[in-house]
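Given as structure tokens, the chain that follows is alone and in the form predicted on its own.
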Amino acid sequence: MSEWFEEIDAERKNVVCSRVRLTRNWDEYVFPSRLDDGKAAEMIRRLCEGMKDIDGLLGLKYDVVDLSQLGELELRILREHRVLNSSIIKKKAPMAMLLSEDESVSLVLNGADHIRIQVLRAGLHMADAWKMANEADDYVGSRFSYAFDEKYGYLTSFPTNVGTGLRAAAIVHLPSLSLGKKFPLLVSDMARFGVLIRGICGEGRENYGALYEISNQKTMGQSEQEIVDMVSRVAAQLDDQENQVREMAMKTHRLVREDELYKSYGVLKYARRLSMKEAMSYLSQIMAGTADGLIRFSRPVSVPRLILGIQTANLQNLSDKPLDKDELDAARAEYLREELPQLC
């Protein structure tokens, strides 16, 4: 079964993926921050036993992964694949995960909370991701009693997740829109409506690759459906605005765009060293050019898959020895030379 990041949304090509997370806690145990290792291991064992028939849920097959036994490199790869987050891979306590073979569905046990359900879908398919997450939530909730308050909703380790316990997010590619002078104002305006927009690759204000995560800021005061609809609507609006800017550029500066695009392809296809910043910037050009039909390859290629492939942990995993910075840059260039198809 191909991973979710191999798929391309034909309708919303600038939207890389949609994600829905649900945070839940079992009312028989205190929050993970107060659980000793013995109780944590007991809870994980009981959770796994109660979900031993999970195969078939959402039409998928699952593996039980003991996160406590994974090495640092394996944990970092799962983070690069957006299965785990930084706080989980840094935690030193018993943890486990039920992970579908295509990595689209995961249930993390004893992370920041007892149970974290996550669904990832390629493209702008937030409604589908929510439907799947809700079905998984019903499956778990039918077996374990959640910590729930009639006034506040689902109780969680962090107050920012109390209520629905739902985090919806979409990753959107905005290479042209983000260059506009009004983009910072657009970002701040979105925050007033409860939506957070942040760059996902780079340090400080720098965001090479022009990939942005759109997510809800609040989990209370709105229903799950309202949150999902809001994030999906904002992602669609940004996708439309990005397309409008690129269409205008195509009319007035098509040759400039093609020149930048084919230069980017040439560097990616023949360079011997590439930093992460360089590779992400050139791949951003390829992603936009492919979406706009400015470049054609001899075979289909998923740019999101290439982006995952050039990440540090993945490159380190492909090597038979530890790599320093210069060696990582060389390995990144070699990976792209091999994986990027020839032009038609």
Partner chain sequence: MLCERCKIREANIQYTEVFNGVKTDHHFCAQCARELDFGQYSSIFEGEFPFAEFLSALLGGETPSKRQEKYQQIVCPTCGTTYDEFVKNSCFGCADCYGVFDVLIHDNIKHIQGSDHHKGKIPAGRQADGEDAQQTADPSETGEQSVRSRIQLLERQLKDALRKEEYETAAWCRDQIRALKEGKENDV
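Only a predicted model underlies this, so the values are computations on that prediction, with no experimental measurement involved. Numbering follows the first chain given and starts at 1.
Keep in mind that the form predicted together with the partner chain is missing from the display, and what follows is about it.
The single contact residue among 111, 163, 123, 209, judged by any heavy atom lying within 4.5 Å of the partner chain in the model of the complex, is 163. Note on contacts: among 250, 220, 230, 88, the single residue with a heavy atom within 4.5 Å of the partner chain in the model of the complex is 220. Put simply, residue 157 is close to the partner chain in the model of the complex: some heavy atom of it is within 4.5 Å. Residue contact with the partner chain in the model of the complex: residue 60 places no heavy atom within 4.5 Å of it.
At the 4.5 Å threshold, heavy atoms of residue 153 reach the partner chain in the model of the complex. The partner chain in the model of the complex is approached by residue 27, whose closest heavy atom lies within 4.5 angstroms of it. Checking 255-263, 133-141, 194-202, 180-188 against the partner chain in the model of the complex, the stretch whose residues place heavy atoms within 4.5 Å of it is 133-141. Contacts to the partner chain in the model of the complex (heavy atom within 4.5 Å) from stretch 262-292: none.
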